[in-house]
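Before any questions on how it binds or moves, here is one chain, the form predicted alone, in structure tokens.
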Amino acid sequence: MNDLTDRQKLILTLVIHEYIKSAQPIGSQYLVERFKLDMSSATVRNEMSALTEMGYLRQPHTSAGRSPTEEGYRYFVGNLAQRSDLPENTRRTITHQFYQSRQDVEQWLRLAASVLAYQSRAASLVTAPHPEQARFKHLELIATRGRQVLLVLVLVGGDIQQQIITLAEPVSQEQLSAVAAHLTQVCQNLDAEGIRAILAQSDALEKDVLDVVMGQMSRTDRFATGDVYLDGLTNVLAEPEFSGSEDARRALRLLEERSLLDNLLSRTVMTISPGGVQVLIGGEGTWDELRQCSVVLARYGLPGFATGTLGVLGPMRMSYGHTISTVRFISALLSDLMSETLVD
């Protein structure tokens, strides 16, 4: 990345701020007059040309002003967008809304989605908290037909997995029930790796069953997002750059189709540090559905107990400072509420 001079940083920041508000290319003369800059429009124009050559700005056509590129937004978010808190009155209002609601996790999550959408003027998503690692709670094995058996796995937290498995030979219901009872006893509260450690002490039938159980738990670890709460989808469709375009609808499908959302979250959320946020701009070359959008994500909850994800999806022309601070604040607030209510 190029090192920018202080003047170039200022001009890039002003272009991005003004473009976010207007969705129109920004000219040098406009910046000089709007901010009473202590430099000529020719100087600003030269600096904007330099920023364009570096890849931070683009010029739609010769007589037009400039607009930010994906790289311009990335530089702005990583280097220029100051970490800031929401205004005190906004924080107080949001906190009051949550503490006025019933001590019910589902209501908190719906409220969080609503507040995020309202504050960001974009689409929001909040996933229900789930254990960071699937843990075994209970197992049932039910004979169905011939060698086929219905395996019912209950995980800590209440998630239920069902799968039809085919055994090497027919087994009576009495024997299946005995195996299920024994495995429920020895696997209680274990994660997939813990169960793997007891395979050596298991007979052939138990090994076959535990292989399926570990596969189910591993998939849950990778993709479990719990229920998903969405709000503000019409905010994105109303943005001028998405008028008459399929780009917004393609991006929103990513939120609404579970496999696509699982893929996005499984590849991004686990890298977010506590109290931090992750900003994806233009799909980062990975998610073509997001090429005209930005996503701000954070984790909330109690590490080691249960965590979820919350975030905002909107156009690249979003108010990054306010959106990032809102996502960070709601994340911390939900974590505090869970800590106060769900843990003795």
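These numbers were taken from a predicted model, which means no experiment stands behind them. Note that residue numbering begins at 1 and tracks the sequence as displayed.
One more form of this protein should be noted, the form predicted together with the DNA, which is absent from this view; the next part is about it.
For the three marked residues, Met39, His61 and Gly65, a heavy atom of each sits within 4.5 Å of the DNA in the predicted bound form. Exactly one listed residue, out of Val296, Met318, Leu51, Ile26, brings a non-hydrogen atom to within 4.5 Å of the DNA in the predicted bound form: Ile26. Among heavy atoms of Asn46, some come within 4.5 Å of the DNA in the predicted bound form.
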